[in-house]
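Listed next as structure tokens: two forms of one protein chain, kept apart as structure 1 and structure 2.
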Structure 1
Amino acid sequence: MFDLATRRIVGATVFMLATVITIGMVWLTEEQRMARYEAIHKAKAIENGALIYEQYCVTCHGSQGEGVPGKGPDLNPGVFQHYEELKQTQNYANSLRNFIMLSIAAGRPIRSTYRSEEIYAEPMPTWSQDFGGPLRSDQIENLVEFILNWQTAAAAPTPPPAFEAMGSDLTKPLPPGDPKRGEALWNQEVKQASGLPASCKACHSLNPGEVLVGPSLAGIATTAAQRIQASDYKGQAKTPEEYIRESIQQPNAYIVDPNQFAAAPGVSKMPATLGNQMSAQDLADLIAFLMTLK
């Protein structure tokens, strides 16, 4: 038989083991409970963020964060690209989460150099109540979750269709243009090869004389013929098609009425990067459509 001392030691050991196991089990289920709670909390935050985004942000950044020409840059994937760029070129040390949070909270009263070729009507407003804006810090956190969620969604790869961008090269040959598809591109019923929506009509009305950001393109085929004959036109001899092509791929080559349409001396309010979004076919079709506007 065991003596009393041995029985005490065995008893104490059993008790200790039982305690450790019990604490371990409680701790494990607590872990799971917390993880579940966090997942639900995060889903709620994204949902709230989507509602706030809908109310305050879509007008300038688009419903999917695709950006709105002349109003605000794309956030999806723009904000992630911008952050990567800052990390690489400026040794920027903040987290992505903080970068997005600060961009929203304090706004951008001063234009950053990122996408500086884009012209925006107004700067990014200040949103945090701490800086005189309308939103509480929990609402800003919800917005951050919502925007971060785009990156999670984007991580599932859908390879973009390969296409060769026209850029600013005026010498690449163009295929025959289809004015019907050009019109559909203009009306954003079909997409450009880049997958980004055509953005011309955000800045150009087709009603005679109506100025949005740029001049009306009503009668542009006729106007183009007049432009290339005007005394201030310094380009080489061009056809109206070539003039329109140059206007799209190299807006700064000739700026219509610089007093009204230049953002700075020699810099058109029309972005110089639209050629990067277009295949040769997109460009040919747009030109063919514009040439029907006599």
Structure 2
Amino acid sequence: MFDLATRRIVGATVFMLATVITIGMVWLTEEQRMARYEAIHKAKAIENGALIYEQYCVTCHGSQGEGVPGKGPDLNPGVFQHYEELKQTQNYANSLRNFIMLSIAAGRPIRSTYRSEEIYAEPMPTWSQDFGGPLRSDQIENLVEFILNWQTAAAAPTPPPAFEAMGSDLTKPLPPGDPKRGEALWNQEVKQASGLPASCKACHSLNPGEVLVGPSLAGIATTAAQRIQASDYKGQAKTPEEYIRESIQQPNAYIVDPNQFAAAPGVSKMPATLGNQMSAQDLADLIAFLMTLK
């Protein structure tokens, strides 16, 4: 029989061993538990970020980050490619997360970005409340998580299909236009031959008198003929179709209201690079649709 002192020693030893074993088991599983917690937290942040992106970002950057010509550059994969370029060419030392976060929070004060061939109608605004924007810091972080979620898919981007761009050349012949496909291009139900969505409705309304960034195109088939005959036009004989084509490919040739629709003297708010995104068929179809708007 053990005396009382011996029983106490044995009991204390057993308790200590049980405590050590329990702590050891908790320590062994803590890393897994924290990993699960972080995964759940990240998934929730991405989900919240997707909702914020849908509300604030889709108009300029597209639903999948593919960009909207004339409104905003692609983020998927553009933002990741640009970050790597900055690291390699300018020794940029900040992290990818901070690079994206600062771009969203503080905005970009110019109308061009890493897509140097494009000029956008408006600069990237500030989004953080710290800089006068509408979003809290946690919302900015969620938005960053959502954008970062594209990075794996962006590592090996699929090159856009080859196509012959119309550019600003008004002499290139156009095929017969399909107004139904032109309407689908306008509504972004189909993409241009470049693989990019048409950006028309982002800046132009089809409701009479409604100004978004550019003038309303309600009744453009009729008003095109009137503008050709206006005293401030060039006096050149053009059909309404030719006027609309010139407006798309060479928007600086004639600015409807320079006080309202010019970004600078002689420079239209409408980007001069839209023809670089369009094939002859794209342009013909879009003109054919606009000519139905009497």
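Please note that residue numbering is based on structure 1, beginning with 1 at the start of its sequence. Because the structure is predicted, anything quoted here is derived from the model rather than measured. The term rigid core refers to the most C-alpha atoms you can superpose between the two forms while keeping them within 1.5 Å.
Undergrad: Of these two forms of the chain, identify the one that is the form predicted in complex with ligand HEC.
TA: It is the first structure (the form predicted in complex with ligand HEC) rather than the second.
Undergrad: Aligning on the rigid core, do we see the C-alpha of Pro69 shift 2 angstroms or more between structures 1 and 2?
TA: Yes, the C-alpha moves 2 Å or more.
Undergrad: Core aligned, does the CA of Ile100 move at least 2 Å between structures 1 and 2?
TA: Result for Ile100: yes, a 2 Å-plus shift.
Undergrad: So, does Ile220 move by 2 Å or more at the CA between structures 1 and 2, with the core held fixed?
TA: Superposed on the core, Ile220 moves its C-alpha less than 2 Å between structures 1 and 2.
Undergrad: What does the CA of Glu54 shift by between structures 1 and 2 after fitting on the core? Give it in Å to one decimal.
TA: Taking the core as reference, the C-alpha of Glu54 is shifted 7.5 Å.
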